[in-house]
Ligand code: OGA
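Encoded as structure tokens, the following chain is the form predicted on its own, with no partner shown.
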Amino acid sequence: MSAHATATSVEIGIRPLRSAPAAPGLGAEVTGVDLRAIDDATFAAIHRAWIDRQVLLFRGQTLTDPDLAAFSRRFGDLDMAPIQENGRAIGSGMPEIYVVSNVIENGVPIGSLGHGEAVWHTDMSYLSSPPKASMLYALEIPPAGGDTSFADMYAAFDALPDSLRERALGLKVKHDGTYNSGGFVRQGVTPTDDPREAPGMMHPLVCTHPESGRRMLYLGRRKMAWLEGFGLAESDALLDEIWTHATAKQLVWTHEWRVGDLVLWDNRCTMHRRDPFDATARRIMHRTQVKGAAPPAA
């Protein structure tokens, strides 16, 4: 579909991405827009597409960090970037910008998460008020690898067998704060093998999206997760079963990055992961996150 912002605005195109058969509503590319200069009506069309499609791709952007922050703020106030695993507070000169990179300069990593796999996760969901939106902008990419995959948590809930779906309603799950998605221990945290004792936050396992009104799974990440009130073995067995459905390949869309790509995703109703890549290749991405609140129980 297309959306006209005003009589004098450029026309933007919103076209579905080639998506998974069980998640046909996941993802769209927005064309005909320069994110450095959009009016309110154009933004309204973008926002509607974001709610409808969960993940939006904008190609060919040329953004400075202030440009990235300015577009991000149209969705709400921004979180400050978390402390990186190397102990640095920021890596870009702007406290809102989180640097995701494997590049080392003068013996010090300039960003976080290295070159390895980043496991399925929801950003910062170990907090009481996780961000509602995340944006990742590609400055340098490796010749191969480093692709980012997204899973549709609306479709994941719908795909559960009836008995499992009914069992999931009303449960709460521990979203662990020990490790980041790259498997690194967060700054200042002492690891434990018992998820019941680990830092983190309990959230409803099944939530209602506050803007779309749709029900969805809200899982966080698998490592160190725990279902409230369950023994560890019973919790692990049930979570493994749910995660098998939630990350099935038919629910997943994978993005192959180009320099100048910006991807915006709804952190409440998607999960994402990253493929590993050659450690000798450079990858530099800048991320912002929009403040939000934990989605309510379904």
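Don't overthink the numbering: it's just position in the shown sequence, from 1. As the structure is a prediction and not an experimental result, all values here were calculated from the model.
Heads up, the form predicted together with this ligand isn't pictured, but that's what we're talking about next.
**Student:** If the criterion is a non-hydrogen atom within 4.5 angstroms, does every one of Leu26, Arg53 and Arg214 touch this ligand in the predicted complex?
**Tutor:** Negative, none of the three is within 4.5 Å.
**Student:** Would His121 count as a contact of this ligand in the predicted complex, using a 4.5 angstroms cut-off between non-hydrogen atoms?
**Tutor:** Looking in the predicted complex, residue contacts with this ligand include His121, since a heavy atom lies within 4.5 Å.
**Student:** Within a 4.5 Å heavy atom cut-off, is Ala198 in contact with this ligand in the predicted complex?
**Tutor:** Contact check for Ala198: no, nothing within 4.5 Å of this ligand in the predicted complex.
**Student:** Although the partner isn't part of this model, could you tell me whether His272 comes within 4.5 Å of this ligand in the predicted complex, counting any heavy atom of the residue?
**Tutor:** Looking in the predicted complex, residue contacts with this ligand include His272, since a heavy atom lies within 4.5 Å.
**Student:** Taking this ligand as it sits in the predicted complex, is Ala156 near enough to touch it, meaning that at least one heavy atom pair lies within 4.5 angstroms?
**Tutor:** Outside the cut-off, so no.
**Student:** Among 102 to 110, 187 to 195, 223 to 231, 121 to 129, which stretch sits within 4.5 Å of this ligand in the predicted complex, heavy atoms only?
**Tutor:** Residues of 121 to 129 come within 4.5 Å of the partner.
**Student:** Between Leu136, Val206, Ile141, Ile97, only one gets a heavy atom within 4.5 angstroms of this ligand in the predicted complex; which residue is that?
**Tutor:** Checking each option against this ligand in the predicted complex, the one that comes within 4.5 Å is Leu136.
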